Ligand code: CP
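One chain is shown next in structure tokens, namely the form predicted alone.
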């Protein structure tokens, strides 16, 4: 267990060691127990987290605000459209000034080709830790919550078959950050990770290559499957969600036409039956019900989506308590 992580940025879990990530999980479970029994844990009393959102949020904003309150601190919500970012405040001003006002900066910026670079630039200018609430490349807190959920419900991820799959959705072209963070983190825990996706829905090659390296180093496996049913077969964990085909096209109309070819990529009762009989179904939410997944699956006995959503709170509190 690592006892000193003060000042560390959390932009991607890949930049944290296995031991450091294990520390996050240990602290998250401790904080989860404390909340369950009503034991106060105001480790961040009088500290303030600036939360800068370029995109709307439900779970991310609610969980970070609740987490800071439970830790005895305050979360300062900032919508980018109500700031001076559009009138001259660059990453330099955000990092320098919010880093002097606050004890941590959390940012959600998922614009393709912009988000990760912006967060890293703010981090370079800031004297306090910067937390990535989601960018175009990574969603580290979602992946940490997912890992904690798998550990709670399936035990050690080593040897588990985890199907990280594309699913059709009619809504906006969603970021690649969730599947990319998942394949990076779960391969470091020795899981047998399947990336199931249509040929047009590739992930960033460097991240895919790194996931394969992680799998070799940690004695798991990593494979790419292009058939939805095949990806489901025998899986211990089914994690099927939509993402965009940004590496094929950034045009939303063209993307929508490509997506329409895969309307049958839905996790329904027949598909979930192809997985292991004790499989768990996961999704970061919000899900396009009866498009990405049927009501019968997301509300059924295999679903762990609400435990997964709750665990966002606990892992985020753990990282904030350790870094701030």
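Numbering follows the first chain given and starts at 1. Note that the coordinates shown come from a computational prediction; the quantities given were computed from them, not determined experimentally.
One more form of this protein should be noted, the form predicted in complex with this ligand, which is absent from this view; the next part is about it.
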property	result
Candidate from 165, 109, 173, 142 lying within 4.5 Å of this ligand in the predicted complex - any heavy atom	142
Residue (of 32, 47, 59, 41) lying close to this ligand in the predicted complex, criterion heavy atoms within 4.5 Å	59
Candidate stretches 257 to 265, 66 to 74, 33 to 41, 285 to 293, one within 4.5 Å of this ligand in the predicted complex by heavy atom	285 to 293
In the predicted complex, residue 302 touching this ligand (heavy atom, 4.5 Å)	no
This ligand contact in the predicted complex: residue 312, any heavy atom under 4.5 Å	yes
